[in-house]
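As structure tokens, one chain now follows by itself in the form predicted on its own.
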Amino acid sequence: MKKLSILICSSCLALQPSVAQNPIVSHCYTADPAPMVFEGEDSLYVYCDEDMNVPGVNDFYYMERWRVYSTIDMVNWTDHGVAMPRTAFTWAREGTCWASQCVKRGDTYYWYMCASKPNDWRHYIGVGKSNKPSGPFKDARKQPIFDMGQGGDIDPTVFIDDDGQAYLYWGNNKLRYAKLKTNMLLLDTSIGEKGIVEVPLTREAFGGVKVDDKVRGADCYEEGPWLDKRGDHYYLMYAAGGVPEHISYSMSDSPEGPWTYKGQVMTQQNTGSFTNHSGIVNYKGKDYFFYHTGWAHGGGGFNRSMAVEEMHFNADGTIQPVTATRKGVKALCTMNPYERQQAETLNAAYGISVVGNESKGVYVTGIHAGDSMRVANVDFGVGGASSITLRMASAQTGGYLIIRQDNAKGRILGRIKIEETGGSAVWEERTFDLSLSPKGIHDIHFSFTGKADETLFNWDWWQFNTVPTVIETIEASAPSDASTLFTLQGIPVSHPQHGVYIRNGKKVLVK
């Protein structure tokens, strides 16, 4: 359950085409994506809030926590659990955890969020901090950063310029910005009104204005700003045009403007969501555009899901229009099945839940008959796999894990009976032989059968092995030539202890 590794990428060659990638998370509803790449980190991280609307109960935006996802291949995403619950802000009201963005300064990660106070309809911007990009995060101030008392203080975006100056933009119907002091917790009050500057929403800057909910001009700023820089150009992207929303952008030579309207990045499209919220990031030499849709099972305007497309810039710095697709983006590399992979690293899933945080541990739970999970672009190599090791916990015996190649109707690689481990929190590592050996690059589909409404087991991680479970040789002591011994992961062992090792392609038990 402790995080011992994340998704490990192997070959970047001969990637096999995979199924649709959007939405990028399908086992829960995720909105308002804020993608970030941090210096010193190999992964791309996406920060978001979790839609938890229940029709007939909470028929609106109801969010109680913020989550973090990461990837190194753009198609398999590791769920890092609840990186910050609403209760971490002692001043925040139930169900009001809206859009956010994280940034790194020094060795600390600062996550700017917005939430309402009890008995107050307005939102306020607070900040959490952590020494890890995946959290968990704690309230850094014990109160909001500022209080304008006017409302509309939502959707913070934070950006640190090349000179080290940090900027915070935010706003619904109005757009404001502030300079942050180097501690990232206080406003620089040398500008604006107590450190806050309101940006004029002019036709030249944003294409038009909205008066009495009607757009006058070609476009208008609505909410969800995203501040970024490419070369010498500063970009301000935002949800625009009223509801339903599309994504537009403006450019400037300065992070403080003045801004010049450039057009729509993503037009209003049939995504199943009447809102949109975007962020852009450059990762491994490619530019990516993140947004949200209503495409996940049961999704809609209040149950949204993150998606991603590759984006391109013109020679003059302007952005080529982006089209929302189910296909999404291509994998950057393959997954190595012979390294430990977290069960919560997923290409898609249905029915299951991911719980915990990076401090206490993250794992897959809520596994029932009919649920399923998938990982993409798994490279088994020429030799193939013979067995799989699972770290699991189960309070009862019953049900099966079925492993298939490529999809839900693909070849069955293994059918594993779920046995009790002694309890839902009693973790054991168990290895099972496969009935067929997968070779080459494939998607892997996990599905579950058992009694209806019965939780089958909790799942921490998995790892395929090139050798079967059968121990063909049992030796009373270590062989004289200890250099011929390898761990099950293929690491040579010079001084073996009691346990199972590989020698000449066979398992041996060293006593």
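Quick caveat: nothing in here was measured; it's all calculated off a predicted structure. Numbers follow the displayed sequence, beginning with 1.
The same protein has a further form, the form predicted in complex with a small molecule, not shown here; the description that follows concerns it.
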Test of understanding: in the predicted complex, would H292 fall inside 4.5 Å of the small molecule by heavy atoms?
yes
Should Y61 be counted as a contact of the small molecule in the predicted complex, where contact means heavy atoms within 4.5 Å?
yes
Answer with yes or no whether D219 is in contact with the small molecule in the predicted complex, where contact means some heavy atom within 4.5 Å.
no
4.5 Å heavy atom contact, W98 and the small molecule in the predicted complex
yes
Stretch in contact, per heavy atom within 4.5 angstroms of the small molecule in the predicted complex, of 80 to 88, 150 to 158, 334 to 342, 103 to 111:
150 to 158
Heavy atom within 4.5 Å of the small molecule in the predicted complex, from candidates D139, E358, E223, E309, belongs to E223
Taking 4.5 Å between heavy atoms as the contact cutoff, choose which of S116, Q405, S387, T275 touches the small molecule in the predicted complex.
T275
